[in-house]
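Quick setup: one chain, the form predicted on its own, written in structure tokens, and binding and motion questions come after.
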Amino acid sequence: MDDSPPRTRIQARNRESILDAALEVFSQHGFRGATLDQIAEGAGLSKPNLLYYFPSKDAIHEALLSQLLDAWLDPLRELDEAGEPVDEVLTYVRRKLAMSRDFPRESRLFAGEILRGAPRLRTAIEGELRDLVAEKAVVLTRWMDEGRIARLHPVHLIFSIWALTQHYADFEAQVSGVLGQGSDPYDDAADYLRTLFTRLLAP
């Protein structure tokens, strides 16, 4: 139970400003390259004012990651065992691609944490995330056993969805460099991934 006093509107706004600025800084520079001075400047606050809300860079980073993990797991949680198998997988692909389009900074923050060995997310990855993937792997395997989708390794199928959707956010500079500045890859990506997974999943 949180016994801390309720925040005022100004405090809540300042805290959100800090987290938004930190998200930008961490996604651009990584954890090691980010500084409290950069975050404070982005939030429009002095460094002492920032430290009133968060005692360290680590505390800000941890707060961002804790917010992010739930949002990142939601699309997989929503894969419905009572639904039509191919439609459910394609919907999951579409939701993951939409997250890359709408939340690229969050995707890069998550990727940066994983590349660092997941020091702050390891417990969640080896617990909550592993359990969720195992639960959905059972659903996928049952659909395969019923002949409703092709026989594939269910966990590697999930990995491939992560790789093929998060790529567009995590490697945005590469994507835009190859396709050309100003182009929006997401419509073409959605069509491509729908075709790819429809064919892959066909029994």
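Whichever C-alpha set is largest while still superposing within 1.5 Å between the two forms counts as the rigid core. Residue positions are given as counts along the sequence shown, with the first one as 1. From a predicted model like this one, the values you see are computed outputs, not experimental measurements.
What comes next is about the form predicted in complex with another copy of the chain, which is not displayed.
Handout entry: 4.5 Å heavy atom contact with another copy of the chain in the model of the complex for all of 19, 54 and 99
Key = No.
Exercise for the section: Indicate whether another copy of the chain has at least one heavy atom within 4.5 Å of a heavy atom of residue 43 in the model of the complex. Expected result: Answer no; every heavy atom of residue 43 is more than 4.5 Å from another copy of the chain in the model of the complex.
Practice task
Would you please decide whether residue 126 lies within 4.5 angstroms of another copy of the chain in the model of the complex, comparing each non-hydrogen atom pair?
Solution key: Contact check for residue 126: yes, within 4.5 Å of another copy of the chain in the model of the complex.
Exercise for the section: Using a 4.5 Å heavy atom cut-off, state whether residue 23 contacts another copy of the chain in the model of the complex. Expected result: Because no heavy atom of residue 23 falls inside 4.5 Å of another copy of the chain in the model of the complex, the answer is no.
Practice task
Find out whether any non-hydrogen atom of residue 140 is located within 4.5 angstroms of another copy of the chain in the model of the complex, and reply yes or no.
Solution key: No.
Handout entry: in the model of the complex: members of 117-136 within 4.5 Å of another copy of the chain, any heavy atom
Key = 117, 118, 125, 126, 129, 130, 133, in sequence order.
Problem - Cα displacement of residue 182 between the shown form and the other one reaching 2 Å, rigid core superposed - result: Where the cores coincide, residue 182 still shows a C-alpha shift between the shown form and the other one that is 2 Å or more.
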